[in-house]
Every structure is written in structure tokens, then in C-alpha cells.
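Starting off, we have a lone chain in the form predicted alone, written out as C-alpha cells.
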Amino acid sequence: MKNKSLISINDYSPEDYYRILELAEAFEKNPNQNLLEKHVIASLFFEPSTRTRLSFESAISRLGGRIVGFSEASSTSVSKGESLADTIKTVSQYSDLIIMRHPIEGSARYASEVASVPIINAGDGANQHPTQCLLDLYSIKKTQGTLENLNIFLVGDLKYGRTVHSLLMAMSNFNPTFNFISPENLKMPEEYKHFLDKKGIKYYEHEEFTDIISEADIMYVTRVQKERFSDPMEYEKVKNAYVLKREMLINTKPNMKILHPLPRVNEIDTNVDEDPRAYYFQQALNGVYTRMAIMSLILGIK
């Protein structure tokens, strides 16, 4: 994994996943180590972010590294018309590793082709979000004790949700059963269903989940993303398609956990927060340990 960019979750093998999760567990037990004290990490966020950007910055700080970069493109030479290639080539001269979020699908792969240092994709449009996926795997393994043979419910925006796309591909290595719950116009894209068909992975599609929620090991809820809609009226039709409430959890498995990549809008009622099945805030913390592990392995210091 040393010096290897992380653009798609498929860039790494299941063995790599386990290596990352094992190291993340070690960092959770001992998070403050000066392993990056001689390294400069560039954080380039062309698109707004709270958890991803801050958890990366927290991870870098806990490892003693230094951060350069920006949190919005308007404050950079991109606003003057500089190309993505020129930005990446320039920042490569200043850093040992680049973390990048960009609204255009494929931008992270392109950046990795022109950069002279490794690139970590922190989200490219509706395409992929591999570090979120790895922290999701860490959260699933930590709560379920395994990644194997689980019943995974993916709820909400399955069309534009890059987190569910990455999670689907990663979990397909561990013989899951998927239940897709979404409005008709936000269904899982055909390309991902073809991917599962080729691997012989079972999946079912639904428009409601109340009658089947008792079967879930993991319920992964996503926000309907207003920023992905060109027509505001289409967003208004589906924005509150599903709202998970605490009373819906009565007959669920005791060890079932609710995950969410956040930010939350209306899709999980705040009365769920105190339920032992709610795990999304701990999931966000797990992102720090997982990203510590990813950067350490890519930079070859672990």
C-alpha cells in the first residue's frame, strides 16, 4: 500500500481492508503518536465538507503532521481559471500526500494521474468515497464482530449516494444480502446491480422498510442530497421519503446498528439518538482512527 493512491474502494483488496481495520483499532487504543511529524499533508476541498475534512485534519494533528490546503475553491487560483491539473502538479511540490474532494466524477482518478505524490479521494461527485467506506467497514466489524454474511439495508438516496456505492462494492467481498430501500427515482443504478449479479450477491429492492426492518443487521441511512438535483421540484418530492423513528425499532435485532454518513437532515428523527442501536456519531469518530491508518500505510510509516 506504500505510495499507492486510494481513489476507488476497488483499488485495495479485502486483505488491505483488514490491514487498515487492524491498524485503526490500534490507533483507537493509542491515538496520539508523532508518526507524521516530518510530513506535510495537503487538504484540497473543492466542495463543502465538515466531517471528512475535520476528521482528516484531526487524524493528521494526532499523528503530529502539518496541514496545508483550502476548504473552498473560491479562495484559490481555481477561481482565476487555473486548471485542476496545474493545481495538483503545484501542490504536489509542497506536500507528501494530497487529500482531495471535488464535485466532478472522475476528478480524483485524473488527479492521481498527474500528481507526483499519492492522492486520497475524499469524494468525487456521486462516484466514490473510499475512506468513508473504510470507516463504515470498521464500524460494521466493530459492532457485529464480523464482515461476513450480514444483512445490509441501504436506505434513501441510492442513485447519487457515493457512500452506498463504495460500501456495496466493498461488502460484496463478504457474502452479504442487500436490501435497497428508496423512492423509484433514487434507485440503485443498474451498473451496481449488474456488479452484484456478476458476483452472485443477493439483493432485493423495496419502497418501504417497516415490514422487514426486523431482518436488518445494519441499517445504513442516507440523506437525499439537494445539491445533486438540477430541478428543485424533484428534490421537494423525495426529500422526506423516509424518516426513521424510534418506535420503528421495537422488533429489530438487539445488535442491529444504524449508520449514517452524515450530515443528517430529516431522515433520522432525533428521538433515535438515545437508542442503543444508533451508532452514527461513534461512526464519525471511527473516521479519525481509520484515516490515521490509511495515511500511515500509504506513507509507509506503519
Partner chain sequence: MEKRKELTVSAIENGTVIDHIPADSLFKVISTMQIETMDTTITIGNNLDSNRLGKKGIVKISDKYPSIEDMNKIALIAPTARINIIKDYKVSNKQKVEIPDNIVGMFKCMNPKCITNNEKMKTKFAVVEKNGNLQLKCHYCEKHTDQEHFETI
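Quick caveat, the model's predicted, so the values are computed rather than measured. Residue numbers count along the first chain shown, from 1.
Another form, the form predicted in complex with the partner chain, is not on view; read the next lines as being about it.
Visitor: Please pick out the stretch from 180-188, 133-141, 106-114, 213-221 that is in contact with the partner chain in the predicted bound form, where contact means heavy atoms within 4.5 Å.
Guide: Contact-bearing stretch, as computed: 106-114.
Visitor: Using 4.5 Å between non-hydrogen atoms, is Thr163 touching the partner chain in the predicted bound form?
Guide: No, no contact at 4.5 Å.
Visitor: Residue-level question: is Leu84 within 4.5 Å of the partner chain in the predicted bound form, judged on heavy atoms?
Guide: Taking the distances in the predicted bound form, the answer for Leu84 is yes, it comes within 4.5 Å of the partner chain.
Visitor: Does the partner chain get within 4.5 angstroms of any non-hydrogen atom of Asn10 in the predicted bound form?
Guide: Answer yes; at least one heavy atom of Asn10 falls within 4.5 Å of the partner chain in the predicted bound form.
Visitor: Hey, in the predicted bound form, does Ser172 get a heavy atom within 4.5 angstroms of the partner chain?
Guide: Ser172: no contact with the partner chain in the predicted bound form.
Visitor: Which residues from 127-161 come close to the partner chain in the predicted bound form, meaning a heavy atom within 4.5 Å?
Guide: Heavy-atom contacts within 4.5 Å come from Asn127, Gln128.
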